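Here's a solo chain for you in structure tokens, the form predicted alone.
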């Protein structure tokens, strides 16, 4: 057996409470070693220590046989350690090419060689299937899925010996995931060690050689991926068996709560019409760039509409801003919670009550802190938000707990129509189960629930109907029992096939 590429012994890290406790880990050359655990288990903190973004408090690390303790991300990259973070780091004002080769721009005489930069960027984008993107376009114009692929392209374009991927597929659809796995297999043949952090157990078992389970900052177990069962992994992550999930509801068919007619917005939403009913969970899926997210944003007033009509419970409403949407009874849990959904420096209490400030104000207009705390406490308890206190800054929470705070805000508002964009992106199995049950509870309470997700298995598990988008239009509708992954995937590509036939 080859000597470890990375050896970690007794690693320690604390903030207000211990995050890593005597943590041990080993990675072999050419191995994909998956790291799993509930939100807050310490996975991302460990990864940040490895890539120089966070200092440890003790322990030993050896990389390529040498003592290793990087003081910065640049120092780690010089040693050959490259990371793609779960939270995106794309700089929107820079071009796609500049983001891919940031700090490595081709120069001569102090000047950037833009022709060479473009050529290299085209090659890097082709590796992740983004041949259609213009490398000179501003990265800020891209959706979250495309930004994720741009970051992966930047990592794959580097010479690295250890690649850390933190939730790399959270915003990707099946074809993009397959392309990523092809690149991972190529890196393995070159002897690159890969630490793969994900909550998607099914894909971990496809790509990983070994799986290490973390809980409360500690190493719980390491398994050969082919020898361990899902139930055992879940039990080790949670510390106990998960309760049985309630059976799916029957077909829902209440009154129409939301009608969207011939919606158009920019180049991504070309002519979208659909209805969402009270008591129904309606899924919306499609490839990256199909217009899923832009459709929800246009409905919510977060993206300007070029045309179309929105009706709430049969009445036409004018929505020019999110404030108009909220007033009409519509809430949106956005795809990018950190950028669009949270005030990271503010407390859980403040973030939970942002949409209900008037209800928490006294006669003179001053906010009632006690009433805010009661509301935040109620919904934090309902959603099982793990935190030190309600005054803890949301930016200090794990990704799954941040998502719960965004959802809590709209539960407090009691919106009639709830739009969820990738509600389980980057969160663990137990937290997913909580959110799935919440979506069912909302529908059971008579809300209209619309869910955008890249995970087809997720939509088929929780939805009553699924709409498929392709090139800015809805191309198919499936009822529960009618769908298969093959049918949905074919519908997701259909708009592209039509474009090619039209061009031909």
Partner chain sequence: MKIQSKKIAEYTAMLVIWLGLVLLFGMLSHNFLSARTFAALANRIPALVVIAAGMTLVLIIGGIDLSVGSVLGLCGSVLGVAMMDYHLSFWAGTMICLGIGLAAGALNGAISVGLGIPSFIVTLGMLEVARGLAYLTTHSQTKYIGSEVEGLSGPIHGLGVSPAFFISLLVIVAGQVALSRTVFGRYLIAIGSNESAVRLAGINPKPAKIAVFALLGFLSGLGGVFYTSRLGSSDPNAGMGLELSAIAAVVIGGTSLMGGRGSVVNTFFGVLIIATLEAGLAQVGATEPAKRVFTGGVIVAAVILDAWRRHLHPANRSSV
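Numbering follows the first chain given and starts at 1. All of these numbers come straight from a predicted model, not from anything done at the bench.
Unshown form predicted together with the partner chain; subsequent notes refer to it.
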Residue among 132, 178, 323, 255 with a heavy atom within 4.5 Å of the partner chain in the predicted bound form: 323
Proximity to the partner chain in the predicted bound form, single hit among 365, 307, 239, 314 (heavy atom within 4.5 Å): 365
341, 372 and 410 each touching the partner chain in the predicted bound form (heavy atom, 4.5 Å): yes
Options 216 to 224, 134 to 142, 71 to 79, 344 to 352; stretch whose heavy atom lies within 4.5 Å of the partner chain in the predicted bound form: 344 to 352
Residue 396: touches the partner chain in the predicted bound form, heavy atom cutoff 4.5 angstroms: yes
Interface membership of residue 358, the partner chain in the predicted bound form, 4.5 Å heavy atom rule: yes
The partner chain contact in the predicted bound form: residue 102, any heavy atom under 4.5 Å: no
Proximity of residue 302 to the partner chain in the predicted bound form, heavy atoms at 4.5 Å: yes
